[in-house]
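So this first bit is one chain, no partners, the form predicted alone, shown in structure tokens.
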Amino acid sequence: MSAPLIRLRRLEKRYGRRRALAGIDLTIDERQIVGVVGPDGAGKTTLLRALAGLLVVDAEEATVLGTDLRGDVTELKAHIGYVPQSFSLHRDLTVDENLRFTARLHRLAEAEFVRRKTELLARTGLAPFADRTAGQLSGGMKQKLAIANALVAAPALLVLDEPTAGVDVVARAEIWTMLVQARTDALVVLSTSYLDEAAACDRLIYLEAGRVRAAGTPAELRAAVSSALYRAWGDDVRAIARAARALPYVQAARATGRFVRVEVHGAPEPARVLRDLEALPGAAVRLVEPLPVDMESTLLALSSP
């Protein structure tokens, strides 16, 4: 059997007295899209930077693409594409020049560079802007250029930190399409705060306080949480939400349009929940319906003590 693409045992990273990563155990065996999710300060960016070989770490075992992160990672970096949160390409260089600069760093032959550049510019819709400086691009176009730049050397591992944050919905969909295509030839590891993106990942890693609290496919995580989801309809949704929050097992109740989304924790009997919600004091509830557990309720349940 081939070695795992990523194998971490007791991976730690300290900044002074603070432990940003407090013992990460993680194994990834095949190319897929792996989403790293969790609250702010959970250690997501630190983990991604560690996987990209950008940090000195401590671990019992820490290999990425067969390279030990505790040793010389120079060769590893030649096989990794990394996209940080902030745009880091040369703003005074054109789209074409940025790609060419990266290709030269990786010593790509000219014919191979032209082939890959042409494909990436077509895929990202940046071909008409090849001669525009990066600093003049829109936010979404900058992100697409950053991802194209990370892909130009055909990496075996693509690491992206919040790649769609702050871009418009059209650019976000285009970026996600690029990542799905990249999964064919590379392991894609990304952090995201978007629920639909988390649900679309092949596998999720939920971090909290520098530790892996849960890992698995989105379906596995949904099945593992002891939560349920309900929708309560009525005219005064704010009153319904207030009354629902008073129930001891309700984790969250949020008014949305003409209904209230009710998150239930601890898996009480559905019949009891339906009865209690239909009879909320001071709130005229017309209809209560159970819903499948979604990614929002899953992550909320994982964040509970």
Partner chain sequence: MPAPIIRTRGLTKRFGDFTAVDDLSIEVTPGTIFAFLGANGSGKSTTIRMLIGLLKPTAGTVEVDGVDVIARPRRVRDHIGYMGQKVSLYQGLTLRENVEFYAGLYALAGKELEDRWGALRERFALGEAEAEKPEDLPAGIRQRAGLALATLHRPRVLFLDEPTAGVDVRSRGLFWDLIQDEAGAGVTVFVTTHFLEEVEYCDWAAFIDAGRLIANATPEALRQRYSDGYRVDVAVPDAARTAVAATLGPVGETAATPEGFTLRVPALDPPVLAALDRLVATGARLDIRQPAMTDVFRRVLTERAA
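What you see is a predicted model, and the numbers here were worked out from it, not measured in a lab. Numbering follows the first chain given and starts at 1.
Below: the form predicted together with the partner chain, not depicted.
Counting only heavy atoms and a 4.5 Å cutoff, which of 238-246, 64-72, 45-53, 27-35 contacts the partner chain in the predicted complex?
Residues of 238-246 come within 4.5 Å of the partner.
Decide whether Thr133 counts as a contact residue for the partner chain in the predicted complex under a heavy atom distance cut-off of 4.5 Å.
No - in the predicted complex, heavy atoms of Thr133 and the partner chain never come within 4.5 Å of each other.
Since only the chain is shown here, I'm wondering whether Glu278 would be in contact with the partner chain in the predicted complex (any heavy atom pair within 4.5 Å).
Glu278 belongs to the contact set for the partner chain.
Does the partner chain come within 4.5 Å of any heavy atom of Ala253 in the predicted complex?
The answer is yes: Ala253 has a heavy atom within 4.5 Å of the partner chain.
Phe101 within 4.5 Å of the partner chain in the predicted complex, heavy atoms
Close contact is absent here: in the predicted complex, Phe101 is far from the partner chain, nothing within 4.5 Å, heavy atoms only.
Among Ala109, Ala219, Ala122, Val170, which has any heavy atom within 4.5 Å of the partner chain in the predicted complex?
Checked against the cut-off, the match is Val170.
What is the one choice in Arg231, Arg211, His90, Arg115 with a heavy atom within 4.5 Å of the partner chain in the predicted complex?
Only one option qualifies, and that one is Arg231.
Interface residues of 269-303 toward the partner chain, as seen in the predicted complex [heavy atoms, 4.5 Å]:
Heavy-atom contacts to the partner chain in the predicted complex: Glu278, Arg286, Leu287, Glu289, Glu296, Leu299, Leu300, Ser303.
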